[in-house]
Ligand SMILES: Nc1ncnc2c1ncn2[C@@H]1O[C@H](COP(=O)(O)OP(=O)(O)OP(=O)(O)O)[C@@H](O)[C@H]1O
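Next up is one chain by itself, shown in structure tokens, the form predicted on its own.
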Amino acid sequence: MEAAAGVEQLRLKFPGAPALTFRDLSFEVKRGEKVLLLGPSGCGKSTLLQVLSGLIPRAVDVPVTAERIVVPERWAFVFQDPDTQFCMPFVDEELAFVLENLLVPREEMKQRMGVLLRQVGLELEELHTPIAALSQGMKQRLAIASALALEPDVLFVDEPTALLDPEGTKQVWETIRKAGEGKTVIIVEHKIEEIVGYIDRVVLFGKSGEITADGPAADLFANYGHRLAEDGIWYPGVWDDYIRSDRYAPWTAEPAAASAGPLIRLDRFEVWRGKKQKQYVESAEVYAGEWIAVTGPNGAGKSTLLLGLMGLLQTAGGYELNGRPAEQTGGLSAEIAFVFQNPEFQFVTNSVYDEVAFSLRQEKRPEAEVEAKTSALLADFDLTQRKDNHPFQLSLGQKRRLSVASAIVKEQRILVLDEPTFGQDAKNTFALLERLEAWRRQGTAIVMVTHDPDIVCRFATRIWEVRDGRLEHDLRGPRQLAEPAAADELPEKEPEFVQRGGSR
């Protein structure tokens, strides 16, 4: 069968990288195959997709040599970060840009746009909506709709559901299943539960970019489970294995520090974007030693709430920080460490090392202290080998880890994170969660947006449920409801949460 895409003896090295990303890699995908590329974060999966599509080196100038590269004639690419592929400022203009290039008559465009948006579950009051006003999950749906508009023979899919809620994840994969009928689909994805029954073949990569296994999905998961576990890769049942391991031990009583006064108190708190109120909190409090998971569907206002807490959007109403009005604290960043949903938004230097060291140097800390703390965090977040790289040269998972490391270097008492685990392999996800849990036990208050029900179920002490621009419920987390005697007694799915109080 003729190859739809492939490489022979590929060599690739990013400028400044300590080693080759690929050394003599050969890989081929047949027409009509549905292939999943699996491997630890930073092993080169996304880079390979860009080579197979021709983006590297045609659009992205990276040194590449190969005996042969097969690039499909009709293809579409769905990136990890949807903002990287938009050309226009409005939803209808973005879709029209694609349709115009396909010579679709103007009078047919609106109907075609509606079909595409329904396919990906993106409901908008009007087509002429600013893309900047969409949540990241809504942007990803739009990016997928734009890709499907091209009617490609080969669809390259790079973690399309990383920023989507569980329902949105199901919708998007169902869309890709339908759109991929009779087509070749090459996928990079960490959340594989929704696609294990869809893919024909899994290609497993090692940390150095080499192929370590290649075969039918069922056979690979059955025969290479030990390698998946050793390399820290997501696989069916990985959460069950983790909670039965010695590493998982979060079942502790509520910290005594929580009985003290709240670190954050909100009272009729409003967050505005332009002239529209986008988030409202009747009342809520955050105490030391709490882990609050902020949940809700895409577009509900979760990220907006966090941006309001950081003073990055206009706010109104009561907001107290450590018992004082927030506007009198002299700088929210001194009290709260913040991790953006898009890690690139917070990078301000030209190297990974300098990014972590930046805040300490701003405070004129001794260089010996800066070096010690920076090196320790780089080691903790598996970034030591990348310390001299520009942050934009990292994989998405590495960027996310860098954004967390640079945010928490000053050890503030409050940590606010927006989807910190997306784009991460299992190893780094669990390592991050364990570090957050250690901080929580020391009295750090954590407020974290997440769509992962396992994180909510296994780690959160409280849940803020956000819907339609309001904090609807403030709930006790499942870890506070009971203290299981054994790991195998833990619930398999997210339990019904118990109302604690707060916004109604």
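Heads up: residue numbers just count along the shown sequence, starting at 1. The term rigid core refers to the maximal set of C-alpha atoms that superpose within 1.5 Å between the two forms. This one's a predicted model, so the numbers in the text were calculated from it and none came from an experiment.
What comes next is about the form predicted in complex with this ligand, which does not appear here.
Checking 396, 271, 120, 238 for any heavy atom within 4.5 Å of this ligand in the model of the complex turns up a single hit: 396. Contact with this ligand in the model of the complex, judged by any heavy atom within 4.5 Å, is made by just one of 447, 463, 457, 43: 43. Note that among 386 to 394, 313 to 321, 292 to 300, 218 to 226, the stretch whose heavy atoms approach this ligand to within 4.5 Å in the model of the complex is 386 to 394. By the criterion of a heavy atom within 4.5 Å, residue 278 is excluded from the residues contacting this ligand in the model of the complex. Using a 4.5 Å cutoff between non-hydrogen atoms, residue 159 counts as a contact of this ligand in the model of the complex. In the model of the complex, this ligand sits within 4.5 Å of a heavy atom belonging to residue 190. Relative to the superposed core, residue 298 undergoes a Cα shift smaller than 2 Å between the shown form and the other one. Annotation: Cα of residue 80 displaced by at least 2 Å between the shown form and the other one, core superposition.
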